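Each of two forms of one protein chain follows alone as structure tokens, named structure 1 and structure 2.
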Structure 1
């Protein structure tokens, strides 16, 4: 059949070419092309080596069943690997060996069965070209008319078009239907307290000393040399101190890491002459020392890539850049507002202390945020 198709295609082409050249000769010098794309027909059927040589066919058969046996070995191997390389000990090396051997065995099982199946299909299953007629997609005219009539009748009987108020209210109800799903998100936040209030308060408060992360050792203003960057937590944010605090003092967070995530601060000392400060925030810094929340105002990654020459802070997640010398204003990237500044000063012993909590919520924006 394939040969037939091929031949007929070739013949057509030859006939077309002949007639074309004959026409051309009759009309003059103009070259008239017949149908540019002609049906090339099916390519000649090529016998596979497995069709021609029964020995090769036997070999392909052997390859296929060997692959299937290898797959079985792989599956059993995965079970054995699970037994002989247990992870119950919890050692890192045990986990590594377990993952590696179970993984290799399963990969072997799946790959071998897959490759075997494809090889079977390609080398051994019947190999002949055939043509599938393409049928028209739509149903016949009668069926289509019947269907349209059903819809028209349904519309008439239900009054869907006529009673527009009923129809529109139904559409409205369907649109409103998924909304409860969104409000269910509220249950992700604490039930007994207002999440907005929780986000607005951190552990920082008037008089709390700025301390090194993670040791919790308080920082003296004299410790901070020009060009320094300190990673800062409230002095009370160490595991021992934290357990003694009331919920209020923890900035509303029960969890140590939650509290830390809100309170982390980066402290830097710049040459005083390089600071461009707003008049109402002049006393928020101390002798060129400024402190900013480390939580990015875009989606909340820790911003701590500080470049001491350019005074830029870079967020590694989405490349937002903040200019520390100018109230951490956004100079590049998707962040929409400056990093919140922590107003600081020194106490009588020379230690850096917070003047108050942040004046605005830290981190990404949310609806109820005022600023």
Structure 2
């Protein structure tokens, strides 16, 4: 072929030289090397002691369901520890005992059910090697039937239906395990008070002056300039004054921080022409000064970031945004209702005062709310 190309006078003809290697195969031909690594295959299967000795299998079964029963005891023990070691007194020893016994019981419940499940899989479930072949993503009727057969086989191999003590003890452990968490969640709500009433009433009342947080210095309307933002508390919310007030005057809060958390307010001043007030709230502001609860209506984070040009308040926790120029309506984020507005005016000395308490519960939305 090379000679023909040469005789034809074609200078740019491509000549494929064909040579051979030492073993006679043409160069470029795939040749399996004689010293390639061989597939070792699967190692010989080793029977477990529970596969060889029925007595040891029975002993392993007893160990598994005993661990599940211990988990049940731990879960119930956490509930009992929560009940018999209360922390309402606030004493340090009571808190330590409560934390220790509840923690030990919950750790026992989780550890026992975990060890039991692992021991069940290692000692009792079927022990053999298998290969799962890949299949197309869409499943046809035959594949679904095969899947059902796999579940049936898995039930047979694990002994879930056959080993009733193991199965029932596991179900009992899984049912009992969430009980401590459900019990502990009960402490998140007041035990003897209506949460609607607790959040609806704060320390704000008619005539109470708005004061800076945390100094308690009263604020005059002339102090609030356009674009400024003040963190505000009731003037009566000081440690000295708080101890003298009745429970009703405290807004239903028994301690100082709870009262402050409900009553905290953000005060801002806008150009009067930029306010879009509802007809029934025309007198809730004073000369462009508005006051809104600082507690986000999503999960109660402090809404403290004010953007002057857009008049937006931003909650830093989950990015809810409220438009101050339009009764703090939600413009972005997971919050579902506007911030409650505090009606304000001025007294004869020019100090900003509250006209009343909030007209709706402050804080996060919850199902007991009336509106």
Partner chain sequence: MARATKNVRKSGRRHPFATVALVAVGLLVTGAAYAGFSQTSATAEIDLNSASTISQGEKLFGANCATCHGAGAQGTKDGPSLVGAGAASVNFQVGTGRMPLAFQGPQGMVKPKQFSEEQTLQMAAYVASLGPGPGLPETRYLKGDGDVAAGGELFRINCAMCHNVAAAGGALTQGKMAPKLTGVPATHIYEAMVTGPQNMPVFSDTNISPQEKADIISYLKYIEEKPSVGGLTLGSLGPVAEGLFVWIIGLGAVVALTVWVTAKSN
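Nothing here was measured: the structure is a model prediction, and the numbers come from that model. Numbering follows the first chain given and starts at 1. Rigid core (definition): largest C-alpha set, two forms, superposition within 1.5 Å.
Visitor: Looking at the two shown chains, say which is the form predicted on its own.
Guide: Comparing the pair, one sees that structure 2 is the form predicted on its own and the remaining one is not.
Visitor: Once the core is aligned, does residue 127 move its Cα by at least 2 Å between structures 1 and 2?
Guide: Yes; residue 127 is a residue whose C-alpha shifts (by 2 Å or more) between structures 1 and 2 when the cores are overlaid.
Visitor: Superposing on the rigid core, do we see a C-alpha displacement of 2 Å or more at residue 88 between structures 1 and 2?
Guide: Yes, because once the rigid core is superposed, the C-alpha of residue 88 moves 2 Å or more between structures 1 and 2.
Visitor: Does the distance between the two CA positions of residue 307 reach 2 Å or more between structures 1 and 2, the core being superposed?
Guide: No, residue 307 moves less than 2 Å.
Visitor: For residue 42, what C-alpha shift in Å is seen between structures 1 and 2 once the core is overlaid?
Guide: C-alpha displacement of residue 42 between structures 1 and 2: 7.6 Å.
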